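Form predicted alone, single chain, as structure tokens, below.
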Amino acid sequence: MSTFLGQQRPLVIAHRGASSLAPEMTMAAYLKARQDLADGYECDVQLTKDLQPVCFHDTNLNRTSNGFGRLGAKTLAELKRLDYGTWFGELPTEFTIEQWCSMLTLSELLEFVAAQSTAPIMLIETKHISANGIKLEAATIAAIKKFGLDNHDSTKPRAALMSFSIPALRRARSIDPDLYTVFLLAKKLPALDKLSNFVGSNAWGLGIHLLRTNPELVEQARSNGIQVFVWTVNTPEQIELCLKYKVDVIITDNPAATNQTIARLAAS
């Protein structure tokens, strides 16, 4: 299996935290992921109106908050007043209302990550199309550096930047040539080897559907010295597929269940 970070199994990364068990990208989701022994965490990042990087997936606020309109049209102070957890369900006794319902800034999340002695991996996806261009990558990389997560050993990244956007990956590489980056792929692209070399990616992030329909991409990546991350992997069948092709990283909504399935399949 993969030797990524010296492990002989895929790393299990909590997608937006343990997002099947707590509101996505709240502190509760990441606390739950830590409790469930995830190897690391994933988040999406956008900039507020006052250019503060925050952890949020959608362009609009209505799906996972009691707000409305575009996130980028709101200041951080305005966004902090909203509720991001009540939609998910009743507050469990193990979490505070703030952990369950508050928006996280990227700095708040990375401070949580940096304080952990087990050195979890942090995968940060910059969301595009963004009106802020290079400011989004610059703010993300500045936060990574602020908390000392910019490990420049390419085989042992503490934090990595991910994107579907070729310009975003190019911008990130121009800011920090040693940054570990992941080229996210929802479909098989023509001239992928050349594109990957152009953006300077260390890994390809394949959708699980793409691994199923185009498994040859794993060997293609290996032949180019590229690692393979797969998203979003939640069922035993999907996990088994990832183990079959010996991918490096599994990104999942439920790290506890994924770890249990990996252990069961490895023992069978």
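Bear in mind the structure is a predicted one, so any value in this text is a computation, not a measurement. Sequential numbering from 1, following the sequence displayed.
What comes next is about the form predicted together with a small molecule, which does not appear here.
Asks: Mind telling me which stretch in 212-220, 39-47, 234-242, 195-203 gets its heavy atoms within 4.5 Å of the small molecule in the predicted complex?
Replies: One stretch meets the cut-off, namely 39-47.
Asks: Can you pick out, from Lys145, Lys127, Lys80, Arg170, the residue that has a heavy atom within 4.5 Å of the small molecule in the predicted complex?
Replies: Partner contact (heavy atom, 4.5 Å) among the options: Lys127.
Asks: Between the options Leu184, Ala139, Ile166, Ala114, which residue brings a heavy atom to within 4.5 Å of the small molecule in the predicted complex?
Replies: For this set of options, the contacting one is Leu184.
Asks: Give a yes or no for His57: in the predicted complex, does one of its heavy atoms lie within 4.5 Å of a heavy atom belonging to the small molecule?
Replies: Close contact exists here: in the predicted complex, His57 approaches the small molecule to within 4.5 Å, heavy atoms only.
Asks: How about Ala160: is it within 4.5 Å of the small molecule in the predicted complex, going by heavy atoms?
Replies: Contact check for Ala160: no, nothing within 4.5 Å of the small molecule in the predicted complex.
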